[in-house]
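Let's start with one chain on its own, the form predicted on its own, as structure tokens.
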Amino acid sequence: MDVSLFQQIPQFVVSGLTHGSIYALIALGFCMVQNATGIVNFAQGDFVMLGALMAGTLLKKLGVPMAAALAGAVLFGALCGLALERGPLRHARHRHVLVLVMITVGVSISVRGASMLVWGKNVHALPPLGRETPIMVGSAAIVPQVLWIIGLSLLILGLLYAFYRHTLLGKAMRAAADNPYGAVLMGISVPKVTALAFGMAGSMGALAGTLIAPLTSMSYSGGLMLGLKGFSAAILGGYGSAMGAVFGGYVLGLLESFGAGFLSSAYKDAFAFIILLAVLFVRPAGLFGSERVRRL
């Protein structure tokens, strides 16, 4: 192995954990919707884009302080997720699941078109949280934004774990996901729980967008690729498994980073789909998923 390449391994790990944190947040949004409704929400990536662009608007156009702008963008993402569930999906809830999936595809295309009209085709950047001067840890140069991404992502993932395990509302969401008919008999309002799942998925996507935009910028179509990578991470971990989504996100981020470093960065975006195809061929249920497979 080339010595200079070997010395860059810590940098590959940092880069992989950074992007893996973003993929994990997006993949969790996919899992929340899957567990609540049994469908794939292909508009999840657009929540990422909307969060980043809305944060930029609040910060630069309206002069809102950074923390309030980020909180407002996350709230906007939650409202978008809620609107998707309360709007077209709620009205078509008795249709076949494939129809519901196609509705999310249509919403995704519509959102991207509307976003292009509102924000234009230019790429928008967000200022980083903190300084831009990198911190040297061994041979790895770490910008403070990377620490914010990894730290905030781990904090949110930990809070979500505590929410699902130790709160009545979290347990109600798990019960509704496991057996909606049984949950109704227990007095749980499945429609409200489903709406909450969409709101949380939207906020997860928007948070991911606000965190990654200072490093990669964002355009009206930028959420598409991130959404597909988050979907690949969810499939890798086992679709519907929250633990699998987090694990899949970090594994995908690390594989991408090492693949780009040892092979070529030109193929970086292809790794996610190669992994997705490999998992579908070898283990369709994913690493943490149930062996039960339902054909649509």
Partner chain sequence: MRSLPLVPKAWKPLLCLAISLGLTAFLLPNDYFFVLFNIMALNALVVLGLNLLIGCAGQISLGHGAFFGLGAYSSAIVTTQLHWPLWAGLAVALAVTALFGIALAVPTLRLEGHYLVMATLGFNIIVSIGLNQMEPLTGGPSGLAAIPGMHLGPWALDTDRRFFFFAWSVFLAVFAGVLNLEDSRIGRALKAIHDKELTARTLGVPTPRYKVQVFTLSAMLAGLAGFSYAHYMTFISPSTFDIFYSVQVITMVVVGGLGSLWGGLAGTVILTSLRELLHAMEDFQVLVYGLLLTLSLVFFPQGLLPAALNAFWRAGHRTPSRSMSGPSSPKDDARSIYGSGFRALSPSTRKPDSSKAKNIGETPVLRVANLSVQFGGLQALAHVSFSVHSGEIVAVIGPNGAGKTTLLNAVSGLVRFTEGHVAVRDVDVSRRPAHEVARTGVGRTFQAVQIFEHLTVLENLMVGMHHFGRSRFLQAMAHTLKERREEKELRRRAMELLEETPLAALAHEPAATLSLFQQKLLEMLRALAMEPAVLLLDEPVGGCSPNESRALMDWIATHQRVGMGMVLVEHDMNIVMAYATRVVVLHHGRVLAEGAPLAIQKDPRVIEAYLGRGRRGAGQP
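All values reported here derive from a predicted model rather than from experimental measurement. Residue numbers count along the first chain shown, from 1.
Omitted here: the form predicted in complex with the partner chain. The next part is about that form.
- Residue contact with the partner chain in the predicted complex: residue 17 places no heavy atom within 4.5 Å of it.
- The closest heavy atom approach of residue 263 to the partner chain in the predicted complex falls outside 4.5 Å.
- At a distance threshold of 4.5 angstroms between non-hydrogen atoms, residue 274 is in contact with the partner chain in the predicted complex.
- Using a 4.5 Å cutoff between non-hydrogen atoms, residue 54 does not count as a contact of the partner chain in the predicted complex.
- The stretch in contact with the partner chain in the predicted complex, judged by heavy atoms within 4.5 Å, is 220-228, chosen from 220-228, 135-143, 198-206, 181-189.
- Proximity of 59, 62 and 250 to the partner chain in the predicted complex is absent: no residue of the three has a non-hydrogen atom within 4.5 angstroms.
- Residue 106 is the only one of 127, 170, 106, 151 with a heavy atom lying within 4.5 Å of the partner chain in the predicted complex.
- Between the options 33, 242, 235, 70, the residue in contact with the partner chain in the predicted complex by a heavy atom within 4.5 angstroms is 235.
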